[in-house]
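The form predicted alone is given below as one chain in structure tokens.
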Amino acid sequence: MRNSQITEQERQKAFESKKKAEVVERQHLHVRYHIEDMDVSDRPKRFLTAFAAILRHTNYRFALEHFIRISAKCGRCAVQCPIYTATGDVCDIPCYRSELLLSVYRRHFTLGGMLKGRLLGSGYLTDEMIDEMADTFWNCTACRRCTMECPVGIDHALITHLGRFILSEIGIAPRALVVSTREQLEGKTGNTSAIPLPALIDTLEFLEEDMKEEKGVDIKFPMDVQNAEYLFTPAVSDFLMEAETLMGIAAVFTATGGSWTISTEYFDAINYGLFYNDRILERVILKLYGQAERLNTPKILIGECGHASRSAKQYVPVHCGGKDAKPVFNILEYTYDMLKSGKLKLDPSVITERVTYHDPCNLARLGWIVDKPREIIKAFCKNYVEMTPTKEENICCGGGGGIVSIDEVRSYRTIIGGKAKADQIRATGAKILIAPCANCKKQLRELVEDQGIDCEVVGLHDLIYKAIIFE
């Protein structure tokens, strides 16, 4: 017991030391991971020009006009923010961050603000204000817990997204996201991980051989099949790092007789535009939808990825035909339907370890996919335990909002952004943590490693592959 106490004390001391160092360093984060491709002179003027263009061509003005007329400074959102509870820094309070942008809108884009500013000669946007916004907007994980707490319904995550959008239009955006989306939209490979098509085909053929040897069943990854029911597109990183997830999904389709296909022209559901730029978001959505039309698939199915699923679910109707657009589903929904219909059978004796489940913010926050994965898990994992809080009120993994892709800030993600999540995981005593999201899995694996938690992070279909029964 004494050794256990000493270890815990040392761990806490090390955490506090890292925390202080990160809090000091974080004010300089944008210097390290933001990219300035454009002329850095006269940034305030360029910021306001970009802001004006966005207001002219979008509907953001309606939201901003509402937000500036109600209080945005009560601070109740602070108790829900995992970043603020870890740092205690006022800059991390969601309403403080939102006010940075709202004050710019109020001063430069409302009649009263413009008249008052010119009369007093004050309130002008400065380089220092832009630096502060660049810093604090990218410290946010966009988990949207603050929005649930706001008594007047201010969407702080929407304001943060708009701030990132404006900054990216003047050349201030995380290098990792800019480089990845450039390769996705303009590069030779056409995907964020720069995987060549021959490498993709080789990988899938290898997995097919592996599954045949292990399961004794011909499990295929169909490619470019016309008129299949589903166009299946995962986060492209799954082809590199989540073989077990892909094998589980393929096994489910084989066991249930599902009709699906993968496009060889475009096979990446990642949409980093959701994190920082609406123009990028739209281009990626159109690229994905174009493959569904090319192969004449009536439905779009996204793999285990929170942000990819949410971006397709919410923005395919926006950019591709409204209510007449092809419907978007997440693989968890398909697997759940197959389980309930009796077409999918799972062996409850295979997984014996204690299991817990992490709700990806983009799946659970708005109540979209909450109970279905739990019903699947409980059907074959008998030693299941919930986190607290959970479901719609879950705590972010610490890498949301695109931050997980910025490897330069890993220590910030796992020591500051992921502290609350680490405490949650540790409290469950689980040996297996299910996270049905590519970004969450990357973040949580780094989190349990850096925080010294004895827990394996997997996708839901990783476990399904182990327990699936073929008839």
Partner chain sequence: MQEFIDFCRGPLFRLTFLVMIFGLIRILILDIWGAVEAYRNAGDKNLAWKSAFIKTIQWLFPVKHVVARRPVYSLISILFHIGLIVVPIFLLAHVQLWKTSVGIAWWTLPYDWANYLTLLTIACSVALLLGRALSKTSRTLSRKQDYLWPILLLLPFATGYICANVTVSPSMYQLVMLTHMLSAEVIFIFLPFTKIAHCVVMPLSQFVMTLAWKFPARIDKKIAATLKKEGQSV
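Here the structure is a predicted model, which is why all the values come from computation and not from measurement. Positions refer to the first chain, counted from 1.
The same protein also exists as the form predicted together with its partner chain; that form is not shown, yet it is the one meant from here on.
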Exercise. I93: heavy atom within 4.5 Å of its partner chain in the predicted bound form?
Worked result: yes
Exercise. Is there a heavy atom of D278 no more than 4.5 Å from a heavy atom of its partner chain in the predicted bound form?
Worked result: yes
For this session: Look up in the predicted bound form whether E186 has a non-hydrogen atom within 4.5 angstroms of its partner chain, and give yes or no.
Result: yes
For this session: May I ask you to state whether S71 is within 4.5 Å of its partner chain in the predicted bound form, using heavy atom distances?
Result: yes
For this session: Give a yes or no on whether every one of S237, K442 and E456 sits within 4.5 angstroms of its partner chain in the predicted bound form by heavy atom.
Result: no
Seminar exercise, completed: Students should find that, of G216, G322, G257, G121, the residue having a non-hydrogen atom no more than 4.5 angstroms from its partner chain in the predicted bound form is G322
For this session: Scan V370, V350, V385, V152 and let me know which has any heavy atom within 4.5 Å of its partner chain in the predicted bound form.
Result: V152
Exercise. Out of 263 to 271, 240 to 248, 177 to 185, 298 to 306, where are the residues with a heavy atom within 4.5 Å of its partner chain in the predicted bound form?
Worked result: 177 to 185
Problem set entry | its partner chain in the predicted bound form - contacting residues of 281 to 306, heavy atom within 4.5 Å | L281, E282, R283, L286
